[in-house]
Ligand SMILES: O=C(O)CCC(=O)C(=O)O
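Encoded as structure tokens, the following chain is the form predicted on its own, with no partner shown.
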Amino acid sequence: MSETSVHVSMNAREKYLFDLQGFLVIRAALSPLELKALNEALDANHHQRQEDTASAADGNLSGASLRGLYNGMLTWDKPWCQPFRDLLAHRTIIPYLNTLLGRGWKLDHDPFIFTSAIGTEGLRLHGAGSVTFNGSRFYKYQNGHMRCGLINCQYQLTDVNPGDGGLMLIPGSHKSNYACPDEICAFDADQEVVQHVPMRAGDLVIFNEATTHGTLPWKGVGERRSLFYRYSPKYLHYTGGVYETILPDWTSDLTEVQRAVLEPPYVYHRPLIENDGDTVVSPRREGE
């Protein structure tokens, strides 16, 4: 069981499930109004759609078309940028990121959206677990705390029903000590170890980048719309290239909390976001 409800803090059940699985599903993370605004913004910017040419698949993951890709939503014309800016430090995710990344986390790179129409190809399973230590993609439990490298927050903007396709993961693989065999990564063998993740529009799945994950070919009647926000600890970049030294002028329109999420990687005196979603505090020393 992986589903949960929105809380002001990450509870014992959620911690157990994430430590066990490497992912956690949050039901109804977005309100109907938030969901409506995001979909309307996407509809109004259909001309921004690109094809995701970097992930061509074959075999059991092949399809008749490539995934659609949208990015740059934070700087779309107003009012279409606003629903995406409002998710930068959404109240739903703050307690989870404070628990999984430690105090003082950051947006790793620009949000993006993958879309799929019926017949769209899947994506090969990837994610290295603990085969080799990667300082920007890892999972660690020590002294009563979980710590992760890159974390994916995937909001579903349309329904994903059982059998439709979309996100698949191998539960527990974030702690694997052996490399995933090629035939499993290609979804050609041992398919029973892979879990498809059905979700309703407005649901959120949080997963560790080290958790082996990919995408099944899309068989759903409606369009799949998956919105990704990816966060990393305060001291590192995974992808890089976003706000590394200075915040752009457009961020002056953001709240103090939203601007804190866009800060470049550093440790000392970093603004820290409280679980209430409204409060930013500046620590006197690194450990606070």
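For clarity, every value in this text was computed on a predicted model and none was experimentally measured. The first residue of the shown sequence is 1; numbering continues from there.
Separately, the form predicted in complex with the ligand exists; it is not shown, and the next lines address it.
*Asks:* Can you pick the one in Thr215, Asn208, Thr120, Ser173 that has a heavy atom within 4.5 Å of the ligand in the predicted bound form?
*Replies:* Exactly one residue meets the criterion: Thr215.
*Asks:* Check for me: heavy atom within 4.5 Å of the ligand in the predicted bound form, for each of Lys106, Tyr231 and Ile273, yes or no.
*Replies:* Zero of three within 4.5 Å in the predicted bound form.
*Asks:* Is Ala89 close enough to the ligand in the predicted bound form to count, meaning some heavy atom within 4.5 Å?
*Replies:* No, Ala89 sits far enough from the ligand in the predicted bound form that none of its heavy atoms falls within 4.5 Å.
*Asks:* Test of understanding: in the predicted bound form, would Tyr139 fall inside 4.5 Å of the ligand by heavy atoms?
*Replies:* No, Tyr139 sits far enough from the ligand in the predicted bound form that none of its heavy atoms falls within 4.5 Å.
*Asks:* Report whether the minimum heavy atom distance between His126 and the ligand in the predicted bound form is within 4.5 Å.
*Replies:* Because a heavy atom of His126 falls inside 4.5 Å of the ligand in the predicted bound form, the answer is yes.
*Asks:* Answer for Thr115 alone: is it within 4.5 Å of the ligand in the predicted bound form, judged on heavy atom distances?
*Replies:* No, Thr115 sits far enough from the ligand in the predicted bound form that none of its heavy atoms falls within 4.5 Å.
*Asks:* Given that the partner is absent here, state which listed stretch (248-256, 58-66, 33-41, 221-229) has heavy atoms within 4.5 Å of the ligand in the predicted bound form.
*Replies:* Residues of 221-229 come within 4.5 Å of the partner.
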